[in-house]
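Taking the form predicted on its own, here's one chain by itself in structure tokens.
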Amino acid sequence: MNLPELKIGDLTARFPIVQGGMGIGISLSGLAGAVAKEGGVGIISAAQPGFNEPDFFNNSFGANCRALTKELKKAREIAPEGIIGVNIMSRGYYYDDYVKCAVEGGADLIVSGAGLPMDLPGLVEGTNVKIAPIVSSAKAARVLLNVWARHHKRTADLVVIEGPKAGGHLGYTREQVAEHANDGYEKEITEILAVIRTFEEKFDRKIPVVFGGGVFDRKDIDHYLSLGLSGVQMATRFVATYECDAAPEFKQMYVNAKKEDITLVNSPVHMVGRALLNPFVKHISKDRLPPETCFHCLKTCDPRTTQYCISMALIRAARGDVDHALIFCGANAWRVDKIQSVHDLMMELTADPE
């Protein structure tokens, strides 16, 4: 069976695969452009994209906006006809400004999680930029879309469900992660889809829903499509590609990982995260590493008491200093066994199963 297209309003992706936004510096123009060129939806992460700008340490906001504009332009040059989105965390400092920067930079789509982006519709009003909230429960979907309907007279163009097997920061407790260790979050997906249908009826339009979290191969894609979803979000698989913007050492960590190397960590922003067990994770589980500066990434972090600076931990990861870094990953990272091109990966994921 051929995979269906993914329609997001008046945008059409050849394949129903959304590349997950990964920061810091993991999914920038190189990866997002390559995925969009191959018919998926490429996503640039707005989490500190300016970390390599010369003034980042004393002007992180300016450096990030400048870099985000550059990355959007480069991604568009790679995939002139592709769909390029930006993932922006709603709990971040300067959220409104980053959304504005993404819109002015030519993003087709804003994907937003890490909290419920209540004000996102107003920030893109008057533009053709599509908006996609990330939710993890039927309650969250209902609350957010009710607010959007009531205050902004509109609904989502796409909804992303992130399950507990996703990588990086999770919207789940450790107990919830353990509860869903052996399932694919199907019950909750069905409940969320039922909520979305009520808003489809209200606005008389299709709202595509994609699921991310543990999606690894074509079998998984077909499974989630069979539940009534319009597509999937995948991040881990795209790390192990030549086009991924991370350092080669970061990618190799995935290739070398064993199942027992994947663990949960406590993030300084008061969320549980999934990462690879390395010397850094062992260290911060016991001792504090006081931040030397604050980059104002998330409002839920207090540099006076935080266990470590997550921005610096992720910057070191992107640069390849993997023993002194936080290596975020999805639950199935241990299954990655090689680095390949985005083209070959997309061919693998979209080829008809025998």
Ligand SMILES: Cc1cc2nc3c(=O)[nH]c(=O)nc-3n(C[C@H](O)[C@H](O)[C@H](O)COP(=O)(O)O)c2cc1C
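From 1 onward, residues are counted along the sequence shown. All values reported here derive from a predicted model rather than from experimental measurement.
What follows is about the form predicted in complex with the named molecule, which we do not show.
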Residue 212 versus the named molecule, in the predicted complex: is there a non-hydrogen atom within 4.5 Å? yes
Determine whether any heavy atom of residue 172 comes within 4.5 Å of a heavy atom of the named molecule in the predicted complex, and answer yes or no. no
Residue-level contact is defined here as any heavy atom of the residue lying within 4.5 Å of the named molecule in the predicted complex; does residue 330 satisfy this criterion? yes
Is there a heavy atom of residue 254 lying 4.5 Å or less from a heavy atom of the named molecule in the predicted complex? yes
Using a 4.5 Å heavy atom cut-off, which residue among 64, 29, 311, 45 comes into contact with the named molecule in the predicted complex? 45
Contact residue in the predicted complex, from 133, 82, 168, 268 (heavy atom within 4.5 Å of the named molecule): 168
Which of 194-202, 226-234, 91-99, 137-145 lines the interface with the named molecule in the predicted complex (heavy atom within 4.5 Å): 226-234
